Every structure is written in C-alpha cells, then in structure tokens.
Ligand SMILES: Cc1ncc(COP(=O)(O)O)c(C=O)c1O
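In the form predicted on its own, a lone chain appears below as structure tokens.
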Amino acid sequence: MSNSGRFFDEVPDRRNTASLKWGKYAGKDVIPLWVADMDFRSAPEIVRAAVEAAEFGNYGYGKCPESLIEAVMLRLRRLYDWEIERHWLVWLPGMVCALNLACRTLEKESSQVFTHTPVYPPFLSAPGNFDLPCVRIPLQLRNDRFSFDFDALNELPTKPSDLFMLCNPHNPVGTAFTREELECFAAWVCERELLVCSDEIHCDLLLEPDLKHFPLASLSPEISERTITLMAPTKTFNLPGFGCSFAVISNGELRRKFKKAMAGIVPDPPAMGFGLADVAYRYGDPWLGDAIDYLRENRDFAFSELSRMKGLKPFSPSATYLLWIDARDLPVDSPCSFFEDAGVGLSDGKDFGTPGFLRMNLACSRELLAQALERMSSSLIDL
C-alpha cells in the first residue's frame, strides 16, 4: 500500500466531536455513510494553516484576501478554460443558502422553478421557502447512466425568467455531464429565456482521469448572462465546517438582485474559512489527487460488492464520492430503515425525490466501507 493510501486509511475518530455525520447515531452501532462529508484528514498544508490561525488567538471578522480572489480566477482559467472578472465573485457561507438565494431573486408572482430528480434535497425544498412552484423532471437513465431527458424538457410549460436549478456534476447519481450535453441544455435554456442556478460544488471530484468538468457558464457569453454558478473548496478539500463558498455571476443586474436577496440576512464567510480556502486552492491539489485515487478504489470496491447483493442495483459514479443505489426490488417497506437496523446508515432516496433508492457516502476508510458492506450483505441473506 502506498503512503497516500495509508494516509486515507488512518482516519480520525469522529465520535463525540459534535460531528453531524457521526452524531446522528451516537450510542448506536450504526456505521454512518449518509451526509456528504469526508472522514479523511484534510491536506497537511490546510491543517498547518488552521493550527496557525487558532494559535494566533484573535478570531475577529474576516475579509476575503486578494490572494484568494487571484487563486480562484487562476484555478477556473487553468482547469476549465474559464476567464472570469473579479467583480463577478460573490462570497457566501454555504451552498444551501445560495440555492435559497437563487430562488429569492425571482419575482414569485410570475416565476416557477424547475429541477431534475433525483437531486440533493435543498433543490426540492428551496422553492417552497419562497412560495415558488417546483416542477420536477426525472433524469433519463440510459445504459446505466443518468442524463438530460430533452424530450421531457421540450414539453415543459416554461416562461421567460423562470429558474432551472442544475446540479453539475450531479448529486446523487454521480454523472459528470459532457460538453455536448451541456451545450444542448444551454441552447434550450437560452431559447426559453430561462435563468439557471448551477451547483458545481463537486466539480473537482472527477473519478476518471480522462474526464473534464465544463462549467455551464463557460460555454458561451449567452448562457453566462443567464447563469448563477455555485462553487466551493468545501467538498473538494473536506472543509464544510469552515463555511466558505462563492457564486460567479457575470450578469450585473442578476448579480445585483442576488446581492439584494442576501442583504441583512446572509453573513460573509468567517476569517478562517477565507484563509483555509486560500491555502486549499494554492497547495491542496497533491492531496486531492491522492484522495481521488482512494475514492476511485472505494467506488470500484463498493460497486462490485453491491452488484452481488440481491435486490440492489448500484450505479457507478463518474464524479463525487456518492454512490446511488436502486433498492426498489427489496421486499421491505423502507430500505433505509432496513439497513439502519442492520447497522448501516445511508441517505434515504425519498429525500431526493425518489423513494426506494439509497445514497452511500464512499469518503471513509476502506476498512469501514468493507465492514458496512458486509453488514448489508448479511442482512439480505434471509430476505
């Protein structure tokens, strides 16, 4: 085993640490593979920066450093061939609030929201927080891969300035959309004169070496003017607890409305969030490369084991560290509750708009993953 493999095998014990992921099953023998955060230690450079910031002893208000703005602009140019202006950036304390802000920018008397299913639960709840109707369009499954159903999209009763909430790469099904798919979607959006909120928080977590992420807004000036792009270092470098995300909005009027929706409600990221994001983008890529190798091996291992379990149909993700499972053939009322009783805590597909499915978080040690899969397999023997 390589040194990098040993690094990801040796995870901190997160029990009794106020961890959302591990605290859900406190006092119970249930392995938590649900909410999307990693069990791994962050990159050593990030840990050192966090220790230095803590030892400094002053935890006052933060301001985005110029070096972070430059790092983001350089990263988008280097990885995605996307040239942005610094004033397009809007800093945020998290992605869920950004999804809600996108809905809040709409004129609710005349607008509606469209999104795919299955999808990350806040996509489904955010429109209702502002009394906006939410129209759900099932993703199309073809050759064990989920993607756009353009026949269904063409039947939608859209109006100009309606909002489409896109997840790219997609959570929970793990699709990394191709450039051709996104260009077709962008053409449809522009023809319909829609707005798009594109959640691209998993853009750096591509599990195949030959894959490339394509930010929707980077495809043309026309789609850029209609798009709010959401990104963050939090999923990529395991920093969700430090709350530093950003939106990229080239359209000045749309950016003004978005900022107005934030005013007096949404705080800036904390100072340490800004600082660690800066370190992550500047020095975290070697760690990220090793993490992706480890996650790919976890994916292949889990997919192989799950494929042999009766009643389960797993889908191998090309992006994210999340594996989607069709459990509708199991003779149980709730697959999620069934596996919880067997000692494995997964995410319930009904929260993603598709009951009978499950989502598994693969960002854990191989040993813990093997233990969870063994529990799942054993629980199915007598069904």
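Bear in mind that the values here come from a model prediction, so they are computed numbers and not experimental data. Residue numbers here begin at 1 and follow the sequence given.
Separately, the form predicted in complex with the named molecule exists; it is not shown, and the next lines address it.
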item	value
Selected contact from R226, K235, R299, H116, since only one has a non-hydrogen atom within 4.5 angstroms of the named molecule in the model of the complex	K235
One residue of A261, V96, L89, M73 in contact with the named molecule, assessed in the model of the complex (non-hydrogen atom, 4.5 angstroms)	V96
Interface segment, criterion being heavy atoms within 4.5 Å of the named molecule in the model of the complex, picked from 120 to 128, 216 to 224, 151 to 159, 177 to 185	120 to 128
Exercise: C197 in contact with the named molecule in the model of the complex, heavy atom 4.5 Å	no
Touches the named molecule in the model of the complex: T105 (any heavy atom, 4.5 Å)	no
A36 within 4.5 Å of the named molecule in the model of the complex, heavy atoms	yes
Contact of C167 with the named molecule in the model of the complex (heavy atom, 4.5 Å)	yes
Any residue of 190 to 212 that, in the model of the complex, places a heavy atom within 4.5 Å of the named molecule	D199, I201, H202
